[in-house]
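Single chain ahead, written as structure tokens, the form predicted alone.
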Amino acid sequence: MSHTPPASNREYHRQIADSLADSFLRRTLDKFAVEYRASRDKVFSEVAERELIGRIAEVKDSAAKHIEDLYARFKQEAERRGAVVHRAADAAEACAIIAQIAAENGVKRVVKSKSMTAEEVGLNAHLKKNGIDICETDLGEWIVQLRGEGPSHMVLPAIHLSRDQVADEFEKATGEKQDHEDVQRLVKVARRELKPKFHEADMGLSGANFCIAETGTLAIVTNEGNGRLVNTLPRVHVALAGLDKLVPTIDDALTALQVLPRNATSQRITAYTTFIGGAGPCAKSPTGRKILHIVLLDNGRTKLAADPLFSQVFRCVRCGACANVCPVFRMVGGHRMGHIYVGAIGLVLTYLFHDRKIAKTLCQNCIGCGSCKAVCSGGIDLPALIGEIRARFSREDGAPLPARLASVAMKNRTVFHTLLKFMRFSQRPVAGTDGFVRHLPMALFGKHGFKSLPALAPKSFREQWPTLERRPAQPKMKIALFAGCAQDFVYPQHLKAAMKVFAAAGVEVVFPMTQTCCGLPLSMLGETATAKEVARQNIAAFAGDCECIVTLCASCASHLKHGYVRLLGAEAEAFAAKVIDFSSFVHDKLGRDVLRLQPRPEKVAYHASCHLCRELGVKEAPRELIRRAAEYVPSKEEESCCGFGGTFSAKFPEISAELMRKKLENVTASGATRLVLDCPGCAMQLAGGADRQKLNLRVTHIAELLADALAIGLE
């Protein structure tokens, strides 16, 4: 099948623009994203989700470590039951083995049920070159085969197509006029066309969701009856699966089956779950038994199993949930958010299994929101894997100029802060009095004109620090404040508001002047070595005695708490244990009775920053604080990404703009006149967008809301 990877970054952006302009695709993926989340939440409420995912991760991690033992046992048990098991080193060998099986058995016609592993190796094209007719029988796969396309989703391969497009393809295939409005009729046409294929076929070709070592059994999960017809009607059945599908026992497969359908299609169980334990009776076969061949594909998997970081990929059960929740997939679809495999796992697998050049382009198109990690069936840290791929490209190919410049600047705190001060001075002719750049021609903004750009503050927080009250007469606790470069130099009002809250609560605050940027932008750019240096600088800066290290930036909090441990291991653990975000500190550490708040007469909506609600798991604390300080008005999709993503907004402004537009549309629909959040990056995005759109919406940090609602005195 045809896959059309981008030839260059420019071509990729052109393809993205085409996807964004596809109104049907946008409506379909919007509807699917919203309905999927609601259905998934409902069906997972019936089981212990995190416990199940933990068990799957444990089983699959163990399988990766014992892959050779599992393969040997599976081969022994499957062949004892009449199957023939092959092992293919790579894609070419897998295709050659299956072509040879076809030749030995006089196969001319093949029917195939859905298999992403077959897509991985390019099996259809190989068999076609050998004169074999191969027909996809899954409805979605048949449709994209008619179009000469690859699937746009691992579970829903034709989700990108409208019924009019499908009807047009059916008219070409059948030579008959089709009713474009009657979807059920179109399904019947597909059944009519495909039914004879099953009876005429010499070989059935399938994938496998699990290969169970203890019994040599294949487990195949489908929602259409075509899968069983493929496995049973032809005299030859070939199952192609990756070595990562090996699991020790049927109990392990059944555990994963409690998560796989729930994550893939929000079902408790799929319509068909088939277990094939050897070569069964088959009247069409000359021996009276099914001719069953099982091809287990390596294609880099044994090397992958030994990798201390990327071995996590073995946990993937190909449920497609990482695409279902991905804000970028929602904007552009699978043909732009992957190559053969799509979604976050697709970005990783493209690098591991396919084209390095394509992967280098695609892996930039991850916004780092953590949605994929939050729903992954095996708990794979997909953002970390994508980050490591970026780092490898940086090390192996040399970092792009912007990344090198950022690395040089951020490595030295003095140089970095001097540069920011110079930028503050140089912006004076174009900076407005309201915190935005006001006097540049719109033509200079290009694709970035969807939002107003923030100006650096006239005076940084660190410059104002000596004048701020920071030690109450009788302090209840002592904390250290981590500013982060955005709030230090762009939004010092966030930190000053927090200082008012701390003072009202009797909290002593220290501010180490040698602190610098958290280093997250460096990690996102793949500059791992400099990110480690910066981390060590901050750990040294906060070596003094304090109960907590509080930060008002959700992204900083996540990176300080989790990113530093990933970078430095045990060296960062004591520091990371002290880090806490502002909302959690006020809600959990101070408690309800410390602050007296007078609720303000305004409607306030909330944007849940990605790093706060997913990476840190903080959900109720900020909402409860808003309820105490004002009238909280919920809005749709509060936890969806705003589109900033640090450098993502600069690299993919067309996608960033659409994510921002959707977020602001939902907030304004709530009737709120104020939007609060916990991240200065989100503030840049949403305040800039609200200003550009001239919305009656004030965007502030939650600390500013609490400071505004402070009553005089303490409880």
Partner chain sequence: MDTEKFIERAQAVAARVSRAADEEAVAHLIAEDQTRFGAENVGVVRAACGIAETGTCVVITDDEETRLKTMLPEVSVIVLRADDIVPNLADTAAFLRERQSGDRISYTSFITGPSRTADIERVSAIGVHGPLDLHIILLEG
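Small disclaimer: the values here were computed from a predicted structure and weren't measured. Residue numbers count along the first chain shown, from 1.
Another form exists, predicted together with the partner chain; not displayed. Remarks below refer to it.
Though the partner chain is absent from this view, in the model of the complex it lies within 4.5 Å of a heavy atom of just one residue from Cys548, Ala409, Leu194, Ala384, which is Leu194.
Only one of the listed residues (Ala629, Leu456, Ala88, Leu229) places a non-hydrogen atom within 4.5 angstroms of the partner chain in the model of the complex, and that residue is Leu229. Using a 4.5 angstroms threshold between heavy atoms, Asp298 stays clear of the partner chain in the model of the complex. When contacts are judged by a 4.5 Å heavy atom cut-off, Lys129 does not count as touching the partner chain in the model of the complex.
Contact check for Ala650: every heavy atom lies farther than 4.5 Å from the partner chain in the model of the complex. Among residues of the shown chain, Val187 is one whose heavy atoms approach the partner chain to within 4.5 Å in the model of the complex. Using a 4.5 Å cut-off to the partner chain in the model of the complex, not one of Met513, Glu533 and Ala570 places a heavy atom inside that distance. The stretch that touches the partner chain in the model of the complex, counting heavy atoms within 4.5 Å, is 140-148, out of 140-148, 417-425, 612-620, 486-494.
Within 4.5 angstroms of the partner chain in the model of the complex, the stretch 237-264 places a non-hydrogen atom from each of Thr249, Ile250, Asp251, Leu254, Leu257, Gln258, Arg262, taken in sequence order.
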